[in-house]
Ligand code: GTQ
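One chain is shown next in structure tokens, namely the form predicted alone.
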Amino acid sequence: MLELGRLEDLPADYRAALTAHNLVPLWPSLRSLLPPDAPRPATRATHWSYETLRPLLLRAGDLTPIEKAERRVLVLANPGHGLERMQASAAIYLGMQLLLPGEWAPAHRHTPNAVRMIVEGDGAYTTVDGEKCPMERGDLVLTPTGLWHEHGHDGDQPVVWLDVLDLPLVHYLEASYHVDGPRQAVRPGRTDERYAGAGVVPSPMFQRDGAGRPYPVLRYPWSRTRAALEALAAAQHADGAVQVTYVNPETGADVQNILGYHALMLRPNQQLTLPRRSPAAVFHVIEGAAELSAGDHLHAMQLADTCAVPGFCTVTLRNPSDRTPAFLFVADESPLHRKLGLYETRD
């Protein structure tokens, strides 16, 4: 390989002249921008234990009232990017959010897309674009770009959910902002009830409310997703991968434009090696436990644990239980990579 010149090889007066005119020589940095054969991701395989995180999140509830926090969140920051960057991968932000009984997180809307994967508790809800979405463990609730949303809690126990946003990318593009708004009026009906049947959707000619919305479903109940995984597992080979993707029921496309969301089932004792792919991914345990091997790193994931892995990384998942299945939520950057023509798999 051709050996490129180093910055320090250039005369000091020449470097000073370049700096004075806002110029930078490319050749000393070319290999870092275009490394050979594969990217050199900053994202590290990182594991966040919910057992460790949960008491710190509950203490945040004691230390900071919701009025002073607006959103009471602990960010799951990947050390490969630097904790101050507050991102799990190049395009994924993760945060564990706490809402206590009687609290209300006020309405706002913002440019980044967000989803909520409910971790524990009941009695809370998110109102999105006037639709009141119950929040039950394992549910996926969308708050897409530009839609008003707020959180409330009518129950008697803490509720925690995992926030997943495409904030790092939107912030990098200098397109990230929010707007505060008044409390929303709740409209009747729920989209998850309207689109409850797999493979069937309401006939357009009879739809007076919500026709043509880019996000026809805002809540994906875990009870239905779990049933879909179990049915898929029963219908295919015992060693096969069991995964479903959250999609727009009108188009079949990913539910949001930048990040993709999936649910995966591991049968008892099943081990699954995933294809090496270009997008980074996040794994979160909804039920059971899983051992996740990412390159040379092994992570023993328990209930509600979360792990981020970089792209082009060999990932192997194993269910350590010989009696019960494990269920995982997966978020990845695949829609973004496909849109940019960067999506790639390797053997």
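Note that residue numbering follows the sequence shown and begins at 1. These numbers come from a predicted model, not from an experiment.
Only in words, not in the display: the form predicted together with the ligand, which the text now covers.
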TODO: Select from the listed residues His110, His262, His81, Arg137 the one whose heavy atoms reach within 4.5 Å of the ligand in the predicted bound form.
DONE: His110
Open item on the list: Looking at Arg85, Arg267, Arg71, His171 here, can you tell me which has any non-hydrogen atom within 4.5 angstroms of the ligand in the predicted bound form?
Closed with: Arg71
Task: Per-stretch contact check against the ligand in the predicted bound form, the hit in 117-125, 146-154, 193-201, 227-235 (non-hydrogen atom, 4.5 angstroms) - done: 146-154
Open item on the list: Since only the chain is shown here, I'm wondering whether Tyr93 would be in contact with the ligand in the predicted bound form (any heavy atom pair within 4.5 Å).
Closed with: yes
Open item on the list: Quick check on Leu99: any heavy atom within 4.5 Å of the ligand in the predicted bound form?
Closed with: no
Open item on the list: Quick check on Glu103: any heavy atom within 4.5 Å of the ligand in the predicted bound form?
Closed with: no
Task: the ligand contact in the predicted bound form: Asp163, any heavy atom under 4.5 Å - done: yes
